[in-house]
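Single chain ahead, by itself, as structure tokens, in the form predicted on its own.
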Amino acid sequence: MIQASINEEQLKDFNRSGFLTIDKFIDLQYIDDLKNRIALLFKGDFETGVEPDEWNWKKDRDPDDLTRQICNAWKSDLLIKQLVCSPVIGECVSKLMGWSGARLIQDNVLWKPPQGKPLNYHQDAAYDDWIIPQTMVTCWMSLDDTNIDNGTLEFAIGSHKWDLSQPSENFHAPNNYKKELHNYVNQNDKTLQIAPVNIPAGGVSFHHGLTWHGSGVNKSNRDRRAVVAHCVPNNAKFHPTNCGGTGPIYRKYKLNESDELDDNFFPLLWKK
């Protein structure tokens, strides 16, 4: 379903900039099926009968121009599961981060319709203070040709070398999606350079959990859809006391008398 390997030059690029884009990742024969599955998910049609952990947009309840998000669709749809639980993703992110293995901590299905609103600049790792070590890497897979016109992902180059900040206060549809980024840059005397992701359908972008990123308004007449796998080291564990970030949602999968991340809820993708 997906094919990729990380070479030494790509690893250097990732370490330098905090992200890496590759034009060919998902086999194109799966793209239309994945788009159809996403449409079904947002209608509440769950193949497995299991509702995802987060579901922020529902038809006839929420504005049509809101960027739509579902978290942990892998529990609800078997094709999404096949994609985000691929050992190829696990091996790629492990090489990028220098890990001995990787597991899925959460997936996202994102659908930004025409005129879809922005998502705030943030650091992914800021939301995972309920695990240790508090680190992660994200695999962002595009199902549509994506560029600045249709609200693509944007990165602050080299920001993975900055400190970890607090989670963004206004994640969905902020009035100024770069405000918190600019505040951080000004308060910490950082130099800001932004790079948009320009990849075709089936392409991928990997980014470090500390890399600041967000996305603007979809100014085109085209949908922009992506499937995202957030990964952590294979030996990551629940923080023994902290319940912050997205902890209130996902700590319900913590087993009694154990801090281990159970494979049934946080699938092991790959291990040396």
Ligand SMILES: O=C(O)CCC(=O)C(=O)O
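Residue numbers run from 1 along the displayed sequence. Keep in mind the model is a prediction, meaning the values are calculated, not measured.
Below: the form predicted together with the named molecule, not depicted.
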query	finding
Answer option from A126, M97, L110, I199, heavy atom within 4.5 Å of the named molecule in the predicted bound form	L110
Y177, W130, Y184, W140 - the one with a heavy atom within 4.5 Å of the named molecule in the predicted bound form	W140
Three-residue site Y30, R37 and S86 fully in contact with the named molecule in the predicted bound form at 4.5 Å by heavy atom	no
Segment assignment from 161 to 169, 187 to 195, 116 to 124, 72 to 80: heavy atom within 4.5 Å of the named molecule in the predicted bound form	116 to 124
4.5 angstroms heavy atom contact with the named molecule in the predicted bound form for V228	yes
Contact flag, L104 vs the named molecule in the predicted bound form, heavy atom cut 4.5 Å	no
Any non-hydrogen atom of L153 within 4.5 angstroms of the named molecule in the predicted bound form	yes
Within 206 to 243, the residues that have a heavy atom no more than 4.5 Å from the named molecule in the predicted bound form	H207, H213, S215, R224, V228, H230
